[in-house]
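Take a look at this single chain in structure tokens; it is the form predicted alone.
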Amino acid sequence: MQSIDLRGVTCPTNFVMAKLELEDVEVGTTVEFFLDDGEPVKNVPRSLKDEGHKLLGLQEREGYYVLTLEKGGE
């Protein structure tokens, strides 16, 4: 599984970076994003879901969150 660390990246830059990373991933691939608490964990999952990706889980770790999603069709 591919992991993309977006901790320390502010909104909306983290969403733009997530979209760019997903361009290089095959449809149906599972990807993890590491996100900070606050705006990133509220906005990025919602925005990626709106883009057509399937959210598989959001898990809190020590001081950050792991968003797991499956890349949706283009």
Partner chain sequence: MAEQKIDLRNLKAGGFIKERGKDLFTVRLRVPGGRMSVDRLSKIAEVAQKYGKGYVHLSVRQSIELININFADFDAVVAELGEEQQKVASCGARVRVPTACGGCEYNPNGLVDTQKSALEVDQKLFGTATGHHKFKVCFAGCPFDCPKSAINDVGFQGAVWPKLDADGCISCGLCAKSCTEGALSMGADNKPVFDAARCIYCGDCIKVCPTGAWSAERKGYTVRIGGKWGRRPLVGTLYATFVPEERVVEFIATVLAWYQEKAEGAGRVRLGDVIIREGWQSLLERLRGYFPEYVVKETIAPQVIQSQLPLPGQHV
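Numbering follows the first chain given and starts at 1. All values derive from a computational prediction rather than experimental measurement.
As for the form predicted in complex with its partner chain, it is not shown, yet the points below apply to it.
> My question is simply whether residue 57 lines the interface with its partner chain in the predicted complex - judged by any non-hydrogen atom within 4.5 Å.
Within the cut-off, so yes.
> Find out whether any non-hydrogen atom of residue 15 is located within 4.5 angstroms of its partner chain in the predicted complex, and reply yes or no.
Residue 15: no, not in contact with its partner chain in the predicted complex.
> If we check its partner chain in the predicted complex, which of the residues in 18-46 reach within 4.5 angstroms of it by a non-hydrogen atom?
37, 41, 42, 45, 46 sit within 4.5 Å of the partner.
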